[in-house]
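Single chain ahead, written as structure tokens, the form predicted on its own.
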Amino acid sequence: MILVTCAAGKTGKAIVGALVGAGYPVRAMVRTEKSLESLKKLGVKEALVGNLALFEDVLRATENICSVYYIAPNMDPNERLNGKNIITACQAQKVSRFVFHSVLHTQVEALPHHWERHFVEQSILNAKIPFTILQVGSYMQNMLPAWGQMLETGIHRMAYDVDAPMSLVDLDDVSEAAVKVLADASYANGIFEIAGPIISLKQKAQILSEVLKIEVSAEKEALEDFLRHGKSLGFNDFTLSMMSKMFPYYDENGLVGCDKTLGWILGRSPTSFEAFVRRTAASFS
């Protein structure tokens, strides 16, 4: 059985759905009771509530598990503690495969939530568990919450510079790659960039215009406005602090990886942003 942590989030549900669709028995670990029902609808064999920051919960979640797909909470002050708990539990339970859903460029100290995962990755390397680390780029799907607003206003707005290069990746591609990695022991002891083709906000707007047959322009949202909106949505101070550092870094450097590794794992070219837009438009029609 495969344990997937943080299974109720955007990433978790995508990974769980792909694994269940491929016929694998999945145990889903979630943070709250209200998340259990949605996971059961996805077809998980087992689901349990637990906190990654509590070792007893993690030890219980890893009991009788052969493989773990570790998704960590995003921008969490307990990053290192969570990582220590899941690694120690996997050692105690003699888990045979450990896949860490990490983030692109953990060596960048200017991105503290990336940098913290750098230390978790180091711990994994020394844990003596057959591991795979997937360093995943930003998702194309991150624009979906504002899709309807974009159609109404004709503005594709994100909180970074319109010319910043970003290696956006389709979450469906990430899920497909995760299944392949878990199914093939030859990926053990490898660290792989999971990134899509490089594209800017301005280039995205041009593709959106062409595919949707409407005029879409790119616009950078002021960081202060983004943070104010995030606070109204309930983002905690730690998350807001991380975002206040992340977007200025993107302005200057973007977040760029290489899509060749993902293409090699998939056995095909990664999904282009144009293909993603066409698929998304069809799903909304």
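All residue numbers refer to positions in the sequence shown, first residue = 1. Since the model is a prediction, treat every value here as computed from it, not as a measurement.
Just so you know, the form predicted together with a small molecule exists too; it's not on screen, but the next bit is about it.
Residue in contact with the small molecule in the model of the complex (any heavy atom within 4.5 Å), chosen from 132, 85, 102, 167: 102. Between the options 239, 51, 38, 253, the residue in contact with the small molecule in the model of the complex by a heavy atom within 4.5 angstroms is 51. Per the 4.5 Å heavy atom criterion, the small molecule in the model of the complex is contacted by stretch 102 to 110, the sole one of 121 to 129, 102 to 110, 183 to 191, 208 to 216. Among residues of the shown chain, residue 271 is not one whose heavy atoms approach the small molecule to within 4.5 Å in the model of the complex. Although the partner is absent from this view, residue 74 contacts the small molecule in the model of the complex, with a non-hydrogen atom inside 4.5 angstroms. Not displayed here, the small molecule is approached by residue 6 to within 4.5 Å at the level of heavy atoms in the model of the complex.
Using a 4.5 angstroms threshold between heavy atoms, residue 138 counts as touching the small molecule in the model of the complex.
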